[in-house]
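One chain comes next, on its own, written as structure tokens: the form predicted alone.
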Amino acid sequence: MPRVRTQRTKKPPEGFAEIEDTLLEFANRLKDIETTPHEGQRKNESLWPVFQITHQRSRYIYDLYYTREAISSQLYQWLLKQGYADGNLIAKWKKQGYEKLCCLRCIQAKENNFNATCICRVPKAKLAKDKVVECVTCGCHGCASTD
């Protein structure tokens, strides 16, 4: 969640006004998810939409800075500091083999069975043809970079 802006908060750098509408749209989608009922869902399933939206918001900022070069480095650093994007996840996206990583919990060995990575990190070519892959943690259907 981004920090709440007050009078004492530093003003955003130039260029924030152009992307503010999109970031507000992501924030509104998160608020809508918080208010939706979660009856009949497992505890993890109710958090999947939150993971997906925060991933999309981080990917949006990553693409603006690294792919399109549409924002300045000052604005990028300010967005990371204010919590608009996950800096650790973006750092993984820059490494080879992690370009499509959905969340950091999928690569933490302690979070999964047998101290290994999540099933969604296994390339689809190495899985059985009829097997449906769904991450228990975040609900992704495969984030291996070779897919």
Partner chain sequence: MSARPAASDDLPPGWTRHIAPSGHYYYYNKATKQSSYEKPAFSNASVAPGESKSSDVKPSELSKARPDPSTAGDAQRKPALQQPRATQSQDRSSWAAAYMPGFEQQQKRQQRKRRKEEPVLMRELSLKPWCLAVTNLGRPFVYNLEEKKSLWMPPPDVSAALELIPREELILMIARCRGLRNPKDGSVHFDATQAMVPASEVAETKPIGLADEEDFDENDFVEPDGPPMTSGIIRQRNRSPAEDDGDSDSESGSSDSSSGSGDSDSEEESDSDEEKGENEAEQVEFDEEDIEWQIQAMMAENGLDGEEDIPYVEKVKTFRQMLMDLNVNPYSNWETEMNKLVEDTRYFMLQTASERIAVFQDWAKERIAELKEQKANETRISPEDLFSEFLRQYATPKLFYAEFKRKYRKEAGFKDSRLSDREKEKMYREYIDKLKKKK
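Positions refer to the first chain, counted from 1. Computed from a prediction, not measured in an experiment: that's the story for all the values here.
Keep in mind the form predicted together with its partner chain is missing from the figure; the text below concerns it.
- Residue 41 is the only one of 88, 113, 108, 41 with a heavy atom lying within 4.5 Å of its partner chain in the predicted bound form.
- When its partner chain is considered in the predicted bound form, residue 3 lies well away from it, no heavy atom lying within 4.5 Å.
- When contacts are judged by a 4.5 Å heavy atom cut-off, residue 92 does not count as touching its partner chain in the predicted bound form.
- At a distance threshold of 4.5 angstroms between non-hydrogen atoms, residue 136 is out of contact with its partner chain in the predicted bound form.
- For residue 102, a non-hydrogen atom is located within 4.5 Å of its partner chain in the predicted bound form, even though that partner is not displayed.
- Contacts with its partner chain in the predicted bound form, taken as any heavy atom within 4.5 Å, map within 11-37 to 11, 14, 18, 19, 22, 25, 26, 29, 33.
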